[in-house]
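Coming up are structure 1 and structure 2: the same protein chain in two forms, each one given alone as structure tokens.
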Structure 1
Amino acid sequence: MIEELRWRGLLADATEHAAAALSVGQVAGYVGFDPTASSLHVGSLVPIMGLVHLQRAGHCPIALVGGGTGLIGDPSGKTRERALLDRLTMEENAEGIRRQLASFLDFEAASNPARMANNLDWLDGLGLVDFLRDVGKHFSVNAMLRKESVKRRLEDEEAGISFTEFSYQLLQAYDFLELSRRHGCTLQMGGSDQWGNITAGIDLVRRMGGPQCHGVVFPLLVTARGLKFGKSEAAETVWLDPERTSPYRFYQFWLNSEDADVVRYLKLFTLLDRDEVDDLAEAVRTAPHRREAQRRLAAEVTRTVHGADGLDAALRASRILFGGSPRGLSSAEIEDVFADVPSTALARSRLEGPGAELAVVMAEAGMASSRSEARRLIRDGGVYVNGERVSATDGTLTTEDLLDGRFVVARIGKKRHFVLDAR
């Protein structure tokens, strides 16, 4: 399993005996997820894949939702009522995360089912005195102060560090202890920035008389250009929740991967085997314009997250939006394909007779921030109506331009689509 992670680029570091433990018997291992949002995003995919590989290797994956640590994450003073509300939200978020994880992990497997855990279950009833006595005494403040993350904050007079944040590593270590007691968990995985917290947990379990535990950390992902991974072209977070990021946008996000990144992504985010990845890598070299690797990557990940139907919809929309002309489509098809393209209502009466000036309509529909900008875009050749480039700055839209008597499909550049609905 460690070897598999290494080949896929998922391994940044592991504790000394982790590989041995994983190759001998069945291990229960966990990853913590932040429940401050109700959905995971593509940035969470690395740890998720870590759990997937764990389960595929016959081990038991545990997804820990940090409900308790999430509650104290923000130390600004809150009323009791507010905290209760937050707790409810937190539980909803945890449920949302579980649903998304179910696309990746098998919660029904006979021998090694995936499990969810919420640290609220043990942090909630935890007494401060007990905690300090049983857990706190195993932590050396001297060692905690040496941590890089803490040190940086101490040196920064401005920012400083609150006691709450300082204690965070104790709580995370305590999670490991509880999981080892409750679920026999002996492995924690996480981002490489979690290394210190993970080893702190391993130490705690040992000092409390528990079993030898292990840690595996994943590399932090950056794009070939050194940018943070996980933002769309519009710099929006790409979520796994179809309500937040449609399957079409999700698919497009992956399809737009650069050549320099795509092979790495195939290894990280799909379960394709070495031969398949090698073939696709070869395709990137010999026929990059066909973007086979990108297509495969996008298809695989989209199918896993959004199912076959989600992938179909994304493919259908992609073909029409980037393939040919939208002419000839029925209203129903347009509504379907352009489902998550910004749509603006347009009074039909304005298109009758001489029609309405395109630049004016563009400004109103939010396609351009002003009429001036709209005219500039047209002048520079960046505006397309129903798939055809517009050449006249003073061009108009008339009822002639309506597809199926109802829609105008407009585009700026290659990727920014808009629908005008003259119902």
Structure 2
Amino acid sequence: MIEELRWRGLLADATEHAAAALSVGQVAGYVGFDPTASSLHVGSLVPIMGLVHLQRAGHCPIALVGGGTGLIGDPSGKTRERALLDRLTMEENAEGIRRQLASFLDFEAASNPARMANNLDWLDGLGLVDFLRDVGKHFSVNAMLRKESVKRRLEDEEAGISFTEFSYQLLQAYDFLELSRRHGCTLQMGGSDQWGNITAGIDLVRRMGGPQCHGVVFPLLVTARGLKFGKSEAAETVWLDPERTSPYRFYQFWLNSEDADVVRYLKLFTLLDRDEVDDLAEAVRTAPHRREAQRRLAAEVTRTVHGADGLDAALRASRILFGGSPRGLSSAEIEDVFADVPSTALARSRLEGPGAELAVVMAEAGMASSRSEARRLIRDGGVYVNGERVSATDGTLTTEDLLDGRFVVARIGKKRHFVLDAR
């Protein structure tokens, strides 16, 4: 498994005996997920794929939802104190994350089924006095202050760090102890910014008389241009929840991967083997304009996250921008696909009865400089309504032309789209 992670670029570091432990017997290992949002995002795919490879190697993956620690917040990678969420919101977020993880992990496997756990189960009833006496005594404040995540916050006098977030590393270490006791877990995985928390947990399990434990950390990803991975071109977070990021937008995020990044992403976020990745890498080198690697990446990841139906919807929406028919799309899908296309309001009453003359509407909507130019464009065969070429210069638009009872999608030439909104 360690060699697989290394080849795929998923390995940043590992504790000394982690590789040996993973090679000699079945290991239970976990990754923690912070439920401070109702959905995971594409940046979460790195640790998720770590669990996927753990299970594929015959080991037992545990997805730990931090329902308890999420109420406090991890200071790692943060320059400011997190806003604390209420318990009900945290529980709803945790449930949403559980559903998303079920798309990646096999919870019915015969020999190594995945498990879900929530640290609220043991942290909720934990007494402060007992915790400080039994666990806190094993932590040196001097060592805690040397943790990189704490040092960065202490250097910022304005931000600082609260005792709440300072204590986070104790609770994460305690999670490792509880998972060791409850599920025989001896491996924790996470981003490289979690190294200090992971080693603290290993030390706690050892000090409390538990088995030898191990850690594996993944790299924190940046693009070839040095930008943080996981943002769209509009600097929006790309979520796994289709209600927050549609399958079409999700597909487009991966399709827009740069040539310098796409091969690395194929290794990280798909299960394609070496030969397949090598073939796609060659395609990037010899025919980058075909974007074969980007299309394969987008298809593989979208299918995994949103299923075959989600991928089909994304492909159908993508084809519309290249001349496909928008018929069959819902209003929400049309708004999503044509979000960056000029849109003009059109009174629905004008489309009733005989309807409105298309050339007039085109001039009013800025699709043509005048009615005469609009008629010329129609005569030359360059005007399309809802994907169909218009031939009559005196043609009209009626309510029957409305997609999902609301939109008309017009196109001039191959790429100039316009949306008429008759809401």
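Rigid core here is just the name for the largest C-alpha set that superposes within 1.5 Å across the two forms. By convention here, residues take numbers in order along the sequence of structure 1, the first being 1. Because the structure is predicted, anything quoted here is derived from the model rather than measured.
Source of structure 1: the form predicted together with the RNA. Hinge residue, chosen from V383, R296, L321, G29: the C-alphas switch from fitting one rigid part better to fitting the other at L321 when the forms are compared between structure 1 and structure 2. If you fit the larger rigid part between structure 1 and structure 2 on its C-alpha atoms, the smaller part is left turned by 65 degrees.
Relative to the superposed core, V408 has its Cα moved 3.7 Å between structure 1 and structure 2.
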